[in-house]
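The chain below stands alone and is given as structure tokens, in the form predicted alone.
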Amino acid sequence: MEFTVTKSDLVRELGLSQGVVEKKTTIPILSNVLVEADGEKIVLTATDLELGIRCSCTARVSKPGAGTIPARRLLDYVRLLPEADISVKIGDNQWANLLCGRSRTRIAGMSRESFPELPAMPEVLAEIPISVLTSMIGRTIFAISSEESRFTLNGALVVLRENGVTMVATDGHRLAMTETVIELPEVRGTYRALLPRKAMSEVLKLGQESDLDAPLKFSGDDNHLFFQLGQRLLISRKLTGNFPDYERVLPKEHANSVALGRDELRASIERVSQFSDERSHAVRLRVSPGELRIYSSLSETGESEESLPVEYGGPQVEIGFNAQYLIDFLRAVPTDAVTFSFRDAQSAGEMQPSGGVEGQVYRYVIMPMRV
């Protein structure tokens, strides 16, 4: 196999494979990227058996073929080369020879014979603007559970209907749910799937490398989910199991609510949380007529308190929350103001964008803490 490719093209496409390639694996081939040269392009494929990505770039191919090269070593080296064309040749002994200007390098590769085959993408189920999907991921990914034992919560539930998309994530202590109204005429009935966190992170990376209005082609089979954006294809195994009935968790109504400035509230919580308990990260919110007090309990490091003026005439209510949970939402919410709704110290609180965005719903439910 022999081809010539520009450094910038190769670095860009190799960079997308790095989140997929296994760094520490008992299967050495999974640390490699499969390079296939044919026609006027090269195709790069990486997988960790749970997630796979295939992308391509134009190249001058003088001899078609395929081989695998250690992905991290190849990218780290190519990044250091000058901006110029790179000639790559992989011989029968699986060594890759790279020539760029005065630089000559040989990298030990492996035969493509043992590289896993990725499943073929089935018929497209829906086309969704990449900006819609990435914004929904940004509003939910932080609420995914990091406990591996709760594997059904290690991703987000994605629900597709003819008139929109819903995405929900929870770790048992909080729940983030977002809906976007969008016409998906190809969808018949309801399609549900559990999308792993790692795949969500890679979809975000794909979105950063593309036009915001670019259509993402989405599909799925019994075991996999497929995301095609232009010449790039991301394939993820589905999570198995039953996701909790999130509609039962969402409060039907709240006795009290108060509107707050997003940036002001976030800054106050961030300052007060510097003195919260290092394990629980607990802060207290006390809402009383005309005022919201945010404070931490006295600890070894000290204590802190902030007061924000609010329009509120209801009863005084004090609730404890994990400060990081509040901050996560305030970093993700798209509006300048938020609504904090609550009932009492024992009930879940809810935060939503004030006013909201047309065609979108964003609800964030947080369980209270005893502090």
Partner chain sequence: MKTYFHVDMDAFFVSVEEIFDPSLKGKPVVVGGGPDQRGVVSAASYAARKFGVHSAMPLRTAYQHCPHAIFLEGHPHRYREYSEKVFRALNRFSPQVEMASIDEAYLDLTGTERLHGRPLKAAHELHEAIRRDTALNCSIGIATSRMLAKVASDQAKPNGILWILPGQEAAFLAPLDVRKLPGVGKVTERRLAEYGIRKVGDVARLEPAFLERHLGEWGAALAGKAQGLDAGGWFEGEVGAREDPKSISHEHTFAEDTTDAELLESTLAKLSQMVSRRLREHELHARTVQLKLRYSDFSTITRALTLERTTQLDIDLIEHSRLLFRRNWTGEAVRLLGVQASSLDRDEGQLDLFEGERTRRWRKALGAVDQLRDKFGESVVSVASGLKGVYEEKTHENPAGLPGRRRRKE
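The structure displayed is predicted, hence computed values, not measured ones. Residue numbers count along the first chain shown, from 1.
A second form of this protein, the form predicted together with the partner chain, is not displayed here; the remarks below concern that form.
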The partner chain in the predicted bound form has a heavy atom of only one listed residue within 4.5 Å, and of Val249, Leu292, Ala193, Val78 that residue is Val249
Scan Glu147, Asp263, Asp221, Asp92 and let me know which has any heavy atom within 4.5 Å of the partner chain in the predicted bound form.
Glu147
Judged by heavy atoms and a 4.5 Å cut-off, are Pro244, Asn322 and Arg370 together in contact with the partner chain in the predicted bound form?
yes
Listed range touching the partner chain, judged in the predicted bound form by heavy atoms within 4.5 Å, from 226-234, 78-86, 98-106, 174-182:
174-182
Touches the partner chain in the predicted bound form: Met1 (any heavy atom, 4.5 Å):
no
Would Thr140 count as touching the partner chain in the predicted bound form under a 4.5 Å heavy atom rule?
no
Partner proximity in the predicted bound form: Thr170 to the partner chain, non-hydrogen atom cutoff 4.5 Å:
yes
Contact label in the predicted bound form: Thr335 to the partner chain, heavy atom within 4.5 Å
no
Within 251-282, which residues have a heavy atom closer than or equal to 4.5 Å from the partner chain in the predicted bound form?
Arg279
